[in-house]
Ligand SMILES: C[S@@+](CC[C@H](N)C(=O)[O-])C[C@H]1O[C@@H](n2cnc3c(N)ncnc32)[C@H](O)[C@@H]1O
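In the form predicted alone, a lone chain appears below as structure tokens.
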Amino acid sequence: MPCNCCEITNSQFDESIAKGNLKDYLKKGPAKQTKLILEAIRSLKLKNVSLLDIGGGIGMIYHELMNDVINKAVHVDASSAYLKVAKEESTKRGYAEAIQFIHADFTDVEKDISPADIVTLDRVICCYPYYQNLLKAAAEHAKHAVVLTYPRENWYFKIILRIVNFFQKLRNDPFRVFVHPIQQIENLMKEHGFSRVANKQLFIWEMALYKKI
């Protein structure tokens, strides 16, 4: 089922937001939930591997891992502004040629993208209505591990999201945020040959590391 993700995301995450995210990152470092992803990836003790960063925003994950764990990455994002800012920052850091930037909904282009050792989705499935299709495609592209963050499935965050989505609807803004059933996420990953080997929680966000069995 199509969700017009590129059109919606381009409208929601424009260049001013992307530049603001980059400014915060350069000043404060990675966001807390992104730090959990980085810790999980480094715990795998991998070197010179490939990364597929789905919805990678300004590229925080590969900016942090390029001289440490990975040697190349594919960044697929529905926001052209995020890709532009991520590419500019990669150029400044001297490794833009090692990153492939693709403006698309990942589920629309997955057949054209090669598998990677690690696949990451940092705060992505919460913006995606048909998360099963997205996670299935992510799992099928991961040779070794999938790492993702998503909202914790608790009552107070569900109330917050209902309020946020209510005001989005009043503004005729099609962008919505979702809390997907964590047990269904777990079941889907198991069906595709992955076992959860790490799980950490923040006040709002939860990180899960799935390793291929």
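The first residue of the shown sequence is 1; numbering continues from there. Worth saying up front: this structure is predicted, and the values here are computed from it rather than measured.
In what follows, reference is made to the form predicted in complex with the named molecule, a form of this protein that is not presented.
- Residue-level contacts in the predicted complex: of Val119, Ala86, Leu134, Ala73, one residue has a heavy atom within 4.5 Å of the named molecule, and it is Leu134.
- Heavy atoms within 4.5 Å of the named molecule in the predicted complex map, among the stretches 110 to 118, 90 to 98, 74 to 82, 137 to 145, onto 74 to 82 alone.
- Not displayed here, the named molecule is kept clear of Leu52 by more than 4.5 Å at the level of heavy atoms in the predicted complex.
- Interface residue remark: Met60 is counted as part of the site for the named molecule in the predicted complex, having a heavy atom within 4.5 Å.
- Residues of 183 to 199 that come within 4.5 Å of the named molecule in the predicted complex, judged by any heavy atom, do not exist; none qualify.
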